[in-house]
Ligand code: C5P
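Take a look at this one chain, the form predicted alone, written out in structure tokens.
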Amino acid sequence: MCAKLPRGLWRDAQRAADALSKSRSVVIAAHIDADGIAAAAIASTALARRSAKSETRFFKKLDEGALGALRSDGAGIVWFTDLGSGSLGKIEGMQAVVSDHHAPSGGSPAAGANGQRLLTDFSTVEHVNPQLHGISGANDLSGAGSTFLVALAFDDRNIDLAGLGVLGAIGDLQDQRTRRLEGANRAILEAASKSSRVSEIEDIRFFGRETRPVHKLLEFSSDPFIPRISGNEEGAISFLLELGIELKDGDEWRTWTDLTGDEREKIISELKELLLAARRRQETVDRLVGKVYVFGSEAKGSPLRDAKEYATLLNACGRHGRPEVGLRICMGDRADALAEGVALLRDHRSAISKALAWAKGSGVIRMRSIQFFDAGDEIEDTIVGTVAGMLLGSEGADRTAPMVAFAESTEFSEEPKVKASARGTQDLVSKGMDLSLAMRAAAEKVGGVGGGHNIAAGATIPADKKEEFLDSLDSIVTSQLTSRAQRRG
């Protein structure tokens, strides 16, 4: 698969692997989301196979406290997975490897735009990031994917970790734009298909194919939003009964994967007709069906069998303070860790449902090019971004502007801080919006930090700077959208 990658990216992975192999001990510093947990599992497994001493620590973000703790650990080298690119200036001086996909901070010491080493490069950091080689970090390669490349450079045997690279990409929603994995992710998928029993099939893209009753799968659909069915349990049930679909098999609710092929085709066909009757654009109708990714070695009906559900379980672990449980699941624990993960997933769904209900009743404020709501301490800062995305995809939502959500930061700080999370749409990205750049610039203007991807990003700012931050963000997003429109004109 290396032949399908940019030569410079593979060289960076080889240099990173070489640096790690020379160290007496490694601390893996990973992000708490699904991509970060999958990346940590790849790194931990690769190091264990080389009998290297390592430990894994998880972080919401890399602030001075986190970096200070890492510096005091006394490890030979720190391996940052799914974070670090936005903090290169702070990491410099540490012996470190960064395998990430987020936008690098200005003045990246690792490589030039074409992937070649700079003559002035005396960095202590080996940096593996697709964006240094003209590859999208939002659509073509995830943090787990970058980490997998380093693991593969360690040893060809680590090809069997490709499935975790696929999992990280799905967790990071990298299949959203074209309804399939693309770019470097496809090379990893091909390796995973051969080594990890990950298969790509054409099917409905709604969440919950393995575990949700069919009517619930339809009720909670949002991409695309189905008139009279999405958000309407009675409407979903009536729709299925009118088609002659049996909802139960004995006392058990039937899931999507319990249905026959003919039943699935009938439902999809009728859903398309409903969307067309509602005068939805063809591209919206097309979003019903796409590629989905199945871990064939996992039990039927398990939340680990469908990649979207697997990633959501990992997110539940990370967002509720137990990322190490997700790590153990990724590394094969199907007993205690999986049971705890499933329990955390139930709690996560309940918390999201309550938070979304609160957000819908709170009132969204529209500015020129952005919209926002302030959750205060009503919604946890670890899930407020998820809620923002769901609110943007709900019935009646204004999709012409990104959704920004505020929540009180739960991390210790000498001064009050708030978390800002922003979510957009592919349509807005196509018009020039880049939330990663916008959130970072607006946050830095008020003394905070920010970054992420073009379609989803976050920031942490001083609590008394929200209005200034919003004004700056609105101005930046306005400029992004109008600049693209003027160029087209």
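Nothing here was measured: the structure is a model prediction, and the numbers come from that model. Throughout, we count residues from 1 along the sequence that is shown.
As for the form predicted in complex with this ligand, it is not shown, yet the points below apply to it.
This chain is displayed alone, yet in the predicted bound form one of Val449, Ala66, Val27, Leu47 has a heavy atom within 4.5 Å of this ligand; that residue is Val449.
Proximity to this ligand in the predicted bound form, taken as a non-hydrogen atom within 4.5 angstroms, holds for one residue of Gly163, Gly385, Gly318, Pro130, which is Gly385. Contact between Ser196 and this ligand in the predicted bound form is not found at the 4.5 Å heavy atom cutoff. By the criterion of a heavy atom within 4.5 Å, Gln176 is counted among the residues contacting this ligand in the predicted bound form. Contact annotation for Ala138: at least one heavy atom lies within 4.5 Å of this ligand in the predicted bound form.
In the predicted bound form, none of the heavy atoms of His348 sits within 4.5 Å of a heavy atom of this ligand. Interface residues of 434-458, taken as those with a heavy atom within 4.5 Å of this ligand in the predicted bound form (partner not displayed): Val449, Gly450, Gly451, Gly452, His453, Ile455, Ala456, Ala457, Gly458, in sequence order.
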